[in-house]
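Before any questions on binding or motion, here is one chain by itself as structure tokens, the form predicted on its own.
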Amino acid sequence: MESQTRLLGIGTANPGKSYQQSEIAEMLGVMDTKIARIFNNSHIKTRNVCFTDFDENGAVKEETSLDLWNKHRKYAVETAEKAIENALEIAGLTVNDIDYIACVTSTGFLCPGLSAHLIKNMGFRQNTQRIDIVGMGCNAGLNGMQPVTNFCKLHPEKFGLLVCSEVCSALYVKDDTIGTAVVNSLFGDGSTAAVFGNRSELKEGVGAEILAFESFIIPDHIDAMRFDFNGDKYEFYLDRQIPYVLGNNIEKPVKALLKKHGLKIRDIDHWVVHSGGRKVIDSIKYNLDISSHDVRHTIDVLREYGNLSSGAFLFSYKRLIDENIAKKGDNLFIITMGPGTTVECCLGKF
């Protein structure tokens, strides 16, 4: 049987400080009770956010577009480095062992990209192959996983690294609109790193084999999640219909991927779903007929960290691994969702 690429180790890291939702609302100057309810009713209790400059009353100062860009550059790199160190330690590898890096971020633009900064700062080999995936949003972690696993499949003795580093607070805007409140109440800051390879003798059983991917885009809703430029800085827009759009379409890619492998939804032992928000998770559960227990790690990550964008699913996956209940032969299904409107799926086996 052909050897499959295995996920050998995951590391996570969060910058800034963990704040209660009520604290964040207060620091952002939320006075309107209707907007305050958006923060308090989100099923999010805490989030790590990079607030760095406060006025004499403890409120966050208005940040310029340059301030936000500098924030992204600083914390995207620093936090990714910590996540990478953790992932390599778990996999029993060093930076010299990595042959391919895919870096994902949507919360700021860097040129040279994040991969170049990490290679310079951490001492990766100068001939490390790399790709930077920018602007694909919350679904992009699985988009980045595909070239990494393909590389490892083509080069069975080599190792790949996926890095998702998002500083969502580098996109925060301060105003009193409902749309801004939804975004500012949902997203948190965090980075993940995942090591892949075919050499199963290294930490065998730590992670699942990655079998296949399925992509699905809904062009009729291309504007439902997007960045708008308001003349001074970028701000993120979320259509209120997103949970229903995703729910109404989620079965198509999920069942398409399962069918290719002779499986049905009932054959999946472990689910890892992007923590896109309470209504999104509920819509996915309802339309796939899966339980709250199936997405318990997704719910926990949302509650403790908020929506971490592209790397959120790896936070959930790490909790599944730490739970130590996956058995040899168990089926894994991963789902991420984001702008496009897009659904990405991945099938794995322990």
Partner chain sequence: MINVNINVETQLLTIKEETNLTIVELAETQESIDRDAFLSELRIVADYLEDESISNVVVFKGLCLEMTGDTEVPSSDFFRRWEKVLNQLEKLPKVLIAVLDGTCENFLMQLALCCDYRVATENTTFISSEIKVGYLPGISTLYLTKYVGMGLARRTILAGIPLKADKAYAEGLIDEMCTKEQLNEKVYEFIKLVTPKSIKAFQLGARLLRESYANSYETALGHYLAAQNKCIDK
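On a predicted model such as this, the values are computed, not experimentally measured, just so you know. Positions refer to the first chain, counted from 1.
The same protein also exists as the form predicted in complex with the partner chain; that form is not shown, yet it is the one meant from here on.
J.: So which of 243-251, 134-142, 190-198, 106-114 is the stretch with heavy atoms within 4.5 Å of the partner chain in the model of the complex?
T.: Careful reading of the contacts points to 243-251.
J.: Between Asp53, Asp289, Asp322, Asp67, only one gets a heavy atom within 4.5 angstroms of the partner chain in the model of the complex; which residue is that?
T.: Selected option: Asp289.
J.: Answer for His221 alone: is it within 4.5 Å of the partner chain in the model of the complex, judged on heavy atom distances?
T.: No, His221 sits far enough from the partner chain in the model of the complex that none of its heavy atoms falls within 4.5 Å.
J.: Arg303 near the partner chain in the model of the complex, any heavy atom under 4.5 Å?
T.: Arg303: no, not in contact with the partner chain in the model of the complex.
J.: State yes or no: in the model of the complex, is some non-hydrogen atom of Glu235 no more than 4.5 angstroms from a non-hydrogen atom of the partner chain?
T.: Residue-level check for Glu235: no, no contact with the partner chain.
J.: Using heavy atoms and a 4.5 Å limit, would one call Glu63 a contact residue for the partner chain in the model of the complex?
T.: Taking the distances in the model of the complex, the answer for Glu63 is no, it never comes within 4.5 Å of the partner chain.
J.: Run the contact test on Asn41, Asp282 and Lys285 with a 4.5 Å heavy atom cut-off to the partner chain in the model of the complex and return yes or no.
T.: Yes, because Asn41, Asp282 and Lys285 each have a heavy atom that approaches the partner chain to within 4.5 Å in the model of the complex.
J.: Using a 4.5 Å cut-off on heavy atoms, what residues in 317-350 are near the partner chain in the model of the complex?
T.: Heavy-atom contacts to the partner chain in the model of the complex: only Lys327.
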